[in-house]
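Shown below, as C-alpha cells, is a lone chain in the form predicted alone; questions about how it binds or moves come after it.
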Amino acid sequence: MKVVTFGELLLRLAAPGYSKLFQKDSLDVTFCGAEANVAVSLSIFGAESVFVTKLPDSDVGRAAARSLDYFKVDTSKIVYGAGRMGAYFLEKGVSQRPSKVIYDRAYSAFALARPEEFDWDDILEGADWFHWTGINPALSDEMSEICLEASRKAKEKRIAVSCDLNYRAKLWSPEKARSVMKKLIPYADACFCNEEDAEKVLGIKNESTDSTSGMLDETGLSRVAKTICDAYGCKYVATSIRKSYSASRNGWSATLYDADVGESYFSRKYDIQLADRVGGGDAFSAGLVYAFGTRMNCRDAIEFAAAASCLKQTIEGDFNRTTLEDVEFLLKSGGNGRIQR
C-alpha cells in the first residue's frame, strides 16, 4: 500500500510539561504537521508512506525532512525554496486550564508555494491513496489551487482520496472555509471530521448532539454523515467523538458511515487520561487510511482507527509512535493498562 500525504511540516515549540508558555527558560522543540503526522503513523504501520511539502532551503528545512527520514517516510518529493519555517507554540492544558496553540505560519515556504512547483503526475505515480487536510487551503489561495489540482490528478489516476476537514478558526473564517472546501470535497472518497468541522466548514449541524456536555445522539451523527455523502459524493464519512470532561480527561470514540449500504458503525468508548491530545485526529485519519488500504470491513476499520488515536493521546509529541501490535493489544485487552512483562 502506497500513500501520499501533502501538507505543511512545522516546528513545534512547546512549553515543558504543563508549564505556561515562557514560564521556564526553554521550549521543547520537535517537527510535526497534520499530514506529516499521518505519514509517520502509516509508515510505522508498515505502509509505503510518501510525504510532500515545500520547505525552506536551509539547515532548518533539511533537519525537518530528516525528522521524517527516521521513520522511513519517503521525503524525496519534497520541494525546497524561498520562505521561512512555519511554526506553532503549544501550551498544554491540565485539569480546568485548556491547552493553547499560537500559530506563526505567515510567509512560510509552504504558504508561499506555487502550483507549478509540484509535478503531481510524478508525485502520485504508483500511489494507492492520497491524503490532505483543510489546513492547507486555509493558508493561501494558491494552496487551494494546488489541493484542487492534486485531487483532480489523483481522481484521473483512480487513486483514492481522503480529506480531514481540520477546521482551524485561527487560520480562516467559516464563510471562507465553506466557499473553498465545497469545491474540493467532491474529490474526496473519504471525509474525516468532527462535529465542529462539519458545521463550520460544510454548514451541516447536528442539532441533537453536544459532545462537550456528553449528550450524544447516534441518529443525528448518522444523519450528518449521510448529508455529507449525499451533498458531496463521498463514499465514507468518519466522525471522531470527543467528550471533554477536563483538559486532562476526555471521552473518545468514533463512527464511520458507509454510503453504499447506508449504515453507521460505532467504535467502543474510551476514557483517556491525556498525555498530549495534539495529533489525535491525525492518528485517527492514519488508522482509517491504513484500515481501508488493507481492506478491513467498516466495523473493524472504525475500531482500529479509534484505538490508534486513543493510544496516540497517551504519547508526548505530535507523532503517533504506536505500532500495529500496540493497537491490536488495546483492542484485545480493552485498555486495562496492566504491565506487560
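Throughout, we count residues from 1 along the sequence that is shown. Computed from a prediction, not measured in an experiment: that's the story for all the values here.
Not on display, but discussed next: the form predicted in complex with another copy of the chain.
If the cut-off is 4.5 angstroms on heavy atoms, which of these, Ser173, Thr219, Ser179, Ser95, is the one near another copy of the chain in the predicted complex? Residue within 4.5 Å of the partner: Ser95.
Determine which one of 256 to 264, 240 to 248, 146 to 154, 116 to 124 lies within 4.5 Å of another copy of the chain in the predicted complex, judging by heavy atom distances; exactly one does. Of the stretches listed, the one contacting the partner is 240 to 248.
Answer with yes or no whether Asp300 is in contact with another copy of the chain in the predicted complex, where contact means some heavy atom within 4.5 Å. No, no contact at 4.5 Å.
Though only this chain appears here, would Val101 touch another copy of the chain in the predicted complex if you measure heavy atom gaps against 4.5 Å? Yes, Val101 sits close enough to another copy of the chain in the predicted complex that at least one of its heavy atoms falls within 4.5 Å.
How about Ala47: is it within 4.5 Å of another copy of the chain in the predicted complex, going by heavy atoms? No.
Is Leu55 part of the interface with another copy of the chain in the predicted complex - any heavy atom within 4.5 Å? It does not: once another copy of the chain is placed as it appears in the predicted complex, Leu55 has no heavy atom within 4.5 Å of it.
Taking another copy of the chain in the predicted complex, which residues of 34 to 70 have any heavy atom within 4.5 Å of it? Contacts from 34 to 70: Ile44, Asp59, Val60, Ala63, Arg66, Ser67, Asp69, Tyr70.
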